[in-house]
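Take a look at this single chain in structure tokens; it is the form predicted on its own.
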Amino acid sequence: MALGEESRPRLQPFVRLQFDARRESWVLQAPERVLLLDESGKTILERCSGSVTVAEIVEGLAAEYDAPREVIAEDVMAVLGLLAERDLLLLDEESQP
């Protein structure tokens, strides 16, 4: 499935978002890989429950940070696109609660 504003992303069942005390950083942990996240990445992924759309994630973050929607949308799509390419996210029909 292609990532779009109506996609409902969630992490694959084998992927965990967690704080790594040794690294003092938030990470995405998957089999045989760990991805370090910055605060923006963590904030985006916390909202990827499979029950909200990308558009709703963007709207929520734009309101929370009082930032232009276009800027937030670009960041959200970049983060989610990268993770989708690496097969760390489920999208669309696969993500329905």
Partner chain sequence: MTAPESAPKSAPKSALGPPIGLLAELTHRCPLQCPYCSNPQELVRRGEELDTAAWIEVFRQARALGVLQLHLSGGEPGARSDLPALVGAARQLGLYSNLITAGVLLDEAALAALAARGLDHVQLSLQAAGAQTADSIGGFREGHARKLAFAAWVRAQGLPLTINVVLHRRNLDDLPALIDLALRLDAHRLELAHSQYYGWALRNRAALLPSRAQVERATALVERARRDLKDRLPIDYVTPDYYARRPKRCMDGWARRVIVVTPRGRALPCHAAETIPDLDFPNVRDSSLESIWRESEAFNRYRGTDWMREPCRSCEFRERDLGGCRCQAFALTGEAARADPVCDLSPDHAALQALAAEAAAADGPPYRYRRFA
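Numbering follows the first chain given and starts at 1. Rigid core (definition): largest C-alpha set, two forms, superposition within 1.5 Å. Note that the structure is a prediction, hence the values are computed from the model and not measured.
Keep in mind that the form predicted together with the partner chain is missing from the display, and what follows is about it.
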Exercise. Verify the contact flag for Ala30: yes if a non-hydrogen atom of it lies within 4.5 Å of a non-hydrogen atom of the partner chain in the predicted bound form, no if not.
Key: yes
| field | Interface membership of Val52, the partner chain in the predicted bound form, 4.5 Å heavy atom rule | value | no
Touches the partner chain in the predicted bound form: Leu37 (any heavy atom, 4.5 Å): yes
Q.
Residue-level contact is defined here as any heavy atom of the residue lying within 4.5 Å of the partner chain in the predicted bound form; does Ala84 satisfy this criterion?
A. yes
Applying a 4.5 angstroms cut-off on non-hydrogen atoms, the residues of 6-22 near the partner chain in the predicted bound form are Gln12, Pro13, Phe14, Arg16, Gln18, Asp20, Arg22
| query | Comparing between the shown form and the other one on the rigid core: C-alpha of Glu85 shifted by 2 Å or more? | reply | no
